[in-house]
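Below sits a lone chain in structure tokens, taken as the form predicted on its own.
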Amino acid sequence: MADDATTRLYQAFVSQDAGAAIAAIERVKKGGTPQEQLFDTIFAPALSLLGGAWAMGSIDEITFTQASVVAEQITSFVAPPVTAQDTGVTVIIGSMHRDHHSMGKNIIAATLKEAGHRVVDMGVDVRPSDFMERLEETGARIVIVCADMVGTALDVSRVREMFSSAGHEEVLILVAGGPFSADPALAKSVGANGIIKGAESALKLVGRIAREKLGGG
């Protein structure tokens, strides 16, 4: 059932049919999937199919870009519904320099914000120096770097190197994106402390860090 729903959503993206995409999501929701699980259940797998199709040449770059626009347009339909009290935990998030993919980042940011965390969303194409500047402005100790291409995923090491050079070894870097989900060893190689694999994963990982390492949440 989930696989069929994922395929329908993927096909709606490729067909640039926002209505069909929403219908696919609503069908899963009516089938009993809670709102907070929609991203991990159907949206993220459909995005994975989309990225795989592009990487294998099954769809061209124009189709991929147009499909991505449709996917971004309907992200509100898979966002978590409840706003919690302020946890006092600041989280910086952004997509790595030269990476303009925003869908996964937006969902993670929205999920954490709804959970009560103080989210600083830096957008896409964020340079390591920009992460550093915002880190020092906010005093955050959790930074989430998103990367959906292998090249930009490898560049996350530059963020860790910059933090370490400035004496911010205590900052926890979490990574998100297809390359890290496909190869967990990649996260360790670039100096990351953990991998976020979806909305629910983000909540669990950041929540655990807040409790165990930051004394909050």
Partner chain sequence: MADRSQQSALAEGLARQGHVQPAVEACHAALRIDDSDPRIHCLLAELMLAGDFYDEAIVSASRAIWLDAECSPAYLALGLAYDRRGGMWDQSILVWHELAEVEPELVIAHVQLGEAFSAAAFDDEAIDAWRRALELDPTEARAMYNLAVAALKKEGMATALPGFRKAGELDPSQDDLFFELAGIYDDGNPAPDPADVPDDRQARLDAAGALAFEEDFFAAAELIRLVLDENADDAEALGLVAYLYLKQEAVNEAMACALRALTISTRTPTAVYCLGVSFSKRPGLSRNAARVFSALAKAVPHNAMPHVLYAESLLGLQRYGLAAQSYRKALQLDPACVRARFGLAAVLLTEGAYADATWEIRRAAYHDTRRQGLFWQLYDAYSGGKP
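No experiment lies behind these values; they were computed from the predicted model shown. Positions refer to the first chain, counted from 1. Here, rigid core means the biggest group of C-alpha atoms that superpose within 1.5 Å across both forms.
Same protein, other form: the form predicted in complex with the partner chain, not shown, and the subject of what follows.
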{"query": "Any non-hydrogen atom of T90 within 4.5 angstroms of the partner chain in the predicted bound form", "finding": "no"}
{"query": "Non-hydrogen atom contact G198 with the partner chain in the predicted bound form at 4.5 angstroms", "finding": "yes"}
{"query": "4.5 angstroms heavy atom contact with the partner chain in the predicted bound form for P179", "finding": "no"}
{"query": "4.5 Å heavy atom contact, M96 and the partner chain in the predicted bound form", "finding": "no"}
{"query": "M132, A140, M103, V119 - the one with a heavy atom within 4.5 Å of the partner chain in the predicted bound form", "finding": "M103"}
{"query": "Interface residue in the predicted bound form among V28, A44, A187, M149, criterion: non-hydrogen atom within 4.5 angstroms of the partner chain", "finding": "A44"}
{"query": "F163, V175 and N193 each touching the partner chain in the predicted bound form (heavy atom, 4.5 Å)", "finding": "no"}
{"query": "Within 4.5 Å of the partner chain in the predicted bound form: residues from 96-120 (heavy atom criterion)", "finding": "M103, G104, N106, I107, A110, T111, E114, A115"}
{"query": "E169 C-alpha relocation of at least 2 Å between the shown form and the other one, rigid core basis", "finding": "no"}
{"query": "A55 C-alpha moves between the shown form and the other one by 2 Å or more, core aligned", "finding": "yes"}
{"query": "Post core alignment: M149 C-alpha displaced by 2 Å or more between the shown form and the other one", "finding": "no"}
